[in-house]
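Taking the form predicted alone, here's one chain by itself in C-alpha cells.
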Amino acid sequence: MMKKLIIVGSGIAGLTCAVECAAQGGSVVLVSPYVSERSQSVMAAGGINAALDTKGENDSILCHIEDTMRGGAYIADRKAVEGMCTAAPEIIKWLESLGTVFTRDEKGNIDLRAFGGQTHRRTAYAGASTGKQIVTALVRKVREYECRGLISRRLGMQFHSALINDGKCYGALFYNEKEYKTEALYADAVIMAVGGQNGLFGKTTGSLLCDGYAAGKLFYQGANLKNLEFIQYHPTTIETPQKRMLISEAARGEGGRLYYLNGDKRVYFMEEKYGERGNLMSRDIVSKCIYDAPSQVFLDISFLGKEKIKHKLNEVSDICDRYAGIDVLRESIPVYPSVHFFMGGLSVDRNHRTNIKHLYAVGECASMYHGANRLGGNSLLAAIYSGKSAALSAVNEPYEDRKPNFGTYISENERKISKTLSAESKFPAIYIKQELANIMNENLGITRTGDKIKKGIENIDYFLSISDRLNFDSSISPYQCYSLEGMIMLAKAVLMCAGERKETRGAHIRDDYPESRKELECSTVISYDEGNYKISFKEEV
C-alpha cells in the first residue's frame, strides 16, 4: 500500500524530502503558505560543502568530519556527521543531475572556495546564487512528480498543530488562508521542514516567515527540543529598515579583510590575533572579536579587483550598492554580527524521527549535525542530507491502518481562533511580537549572563500569564494571533536552556562562565508536560 506523507515547508529540505519520498514510491502532500521561491533557502548564496578536493589540497571526507565536529565543539552526533560528510560528494553529483549549475574553475572542475572554520577549500557554489539554483532545480523535479501524481502541493496553508493521539502523529491541522477556515490533513507520517526561529529575534539575516511557532506548538504537544541555546551570529551583516542583510562569508573566503581604525591606521585584528587565516575563523570567534572591537569594524574587498568581484562576489556588490549606497570597488563595508542560524530545534534521531511516533523534522528546524556552532557551507548540505534521510525512514516505516477521530479537537480549535478575533485589544499581536524580539535580543545576545537570562525569563513569563486573555484586532491574519503563544513558549524554552548551560561553548558565550566544562560536552534536551519545563543533558554517541 502506498504511504501517504505530509511535508510542512517547501524550502530545500522540504523539496528534497518530497522528491526522495516520491522516488521511493510514497504519495506526498507538500504544504506551505507560499511558493518555494519565497522560502529562506533562496537566500543561501555562499555554497554547499563537499570534500571534492578539486584544488589538490589533500582534503578528505575525514577532514570534513573533523572540521564539523571541532566547529560544533564536539557535541554533535559523530555517526550522523560521518553519514552527512560521506554523502556530500554524491549529493553534489545528484544536484548536478537535477540541473544545478556549479561554477567551474579554469580546468573545468567544480570550483571551491574557503569558508570559516574549514581546513581546506571545500565549498562548491553556483555563482552568487547557490540557494536559488538548487531551489530551481528541485522545483523542476517536484513538478515532474506532480505530473505523475506522486506529489501534490497545497499553498496558502499555515501550520496550526499536529494531530497527535497516544504519542503518535496522524496528520496536521492547518489554517487555510484562502478559505478562512481550519483544515485537517491525515497521513501516515508528518515531516516538518519549517526552518529556524528568526521571528523570535525580529531583524535577522533570515526570513521572518520562519518564526519558530511550529517548534513551540509541537513542544507544547510533547515533542522534545534540543540545543536551543546555540544561536549563530553571522559576523558580517549590514542593516536595512526591514532586516539585516548578509554579507556572504564568500567575501572573506575570496580574500576580504576585516579591520577597525585606530586613528588613521587600519588594524587587521583577526590576522594579528590568528594569523593569515584569521578572517576565516569559525563564525562564533569572528563575531565575538567584532563585538569586542573598540570601534566600527569594516570589511575591505576593494583590492580584489573588478573582475573577481563581478564573477564571484556580484551579490555582495549588489547588496551594498542597493541597500547602503556603498561602492565596494572604492569603499569598505561597515559590518556587525547578526542572528543568522539556529543549531537548536526539534530533537531527532539519525533517521530524523522525533520522540512522537510518525513525526519527523528536517533542515534548520531539526537539531542534529551542527552541535554548538555550524560551519559555513554545511547548512545546505544538512538540509539535503536530512531530507533524504527522513524520506527513506518515513516511506519504509510500518503504520497503523486505524486513525483516531480528531473531530472534537478540530472544532475546539476553530472556536478558539474565532474567539481570539472577536474584539480589538490594546495588546495587538504585532506589538507583543516586537516586545518578544526586544526581550530576546537584550537578554540573549552574543554574550550572556545568568542575570540577563533570568530577567528575560521573567519578562516572558508575564506575557505567558496573560496570553489566554488577549483579544486581537480582527483585521490581522488569524495566524498572527494563534501563533503568538507558541512563539512565547519557545522563547522561554530557549532562555531556560541558555540559563542551564553554565559554560561557554561554541555560539553560547557566558561572561559569567567563560570556560568550557568537559562534563557538559553533550546536548541540552528540554521537554514540556502540563506547564513544567524539564531540562536534561544527553551525551551523543
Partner chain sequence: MVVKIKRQKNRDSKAYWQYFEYSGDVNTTVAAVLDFLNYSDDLYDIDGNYAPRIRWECSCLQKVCGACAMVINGKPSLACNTFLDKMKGKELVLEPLSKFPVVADLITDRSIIDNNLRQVQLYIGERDENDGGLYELQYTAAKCLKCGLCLEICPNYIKGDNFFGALFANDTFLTHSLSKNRKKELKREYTKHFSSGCSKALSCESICPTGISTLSSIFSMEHSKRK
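Residue numbers count along the first chain shown, from 1. It should be emphasised that the depicted structure is a prediction, and the values quoted were computed from it without experimental measurement.
Beyond what is shown, the protein has a form predicted together with the partner chain; the following relates to that form.
- Remark: of stretches 319-327, 164-172, 384-392, 280-288, the one touching the partner chain in the predicted bound form is 319-327 (heavy atom within 4.5 Å).
- Proximity to the partner chain in the predicted bound form, defined as a heavy atom within 4.5 Å, holds among 350, 266, 403, 311 only for 311.
- Scanning 418, 296, 396, 97 against the partner chain in the predicted bound form with a 4.5 Å heavy atom cut-off leaves one residue, 97.
- At the 4.5 Å threshold, heavy atoms of residue 82 stay clear of the partner chain in the predicted bound form, well away from it.
- Taking the partner from the other structure, the partner chain in the predicted bound form has a heavy atom within 4.5 Å of a heavy atom of residue 101.
- Taking non-hydrogen atoms only, residue 116 never approaches the partner chain to within 4.5 angstroms in the predicted bound form.
- Under a 4.5 angstroms non-hydrogen atom cutoff, the partner chain in the predicted bound form lacks residue 502 among its neighbouring residues.
- Annotated contacts: 355, 357 and 525 are all free of the partner chain in the predicted bound form [non-hydrogen atom within 4.5 angstroms].
- In the predicted bound form, 126, 127, 128, 129, 132, 133, 136, 140, 143, 144 are the residues of 116-145 with at least one heavy atom within 4.5 Å of the partner chain, listed from first to last.
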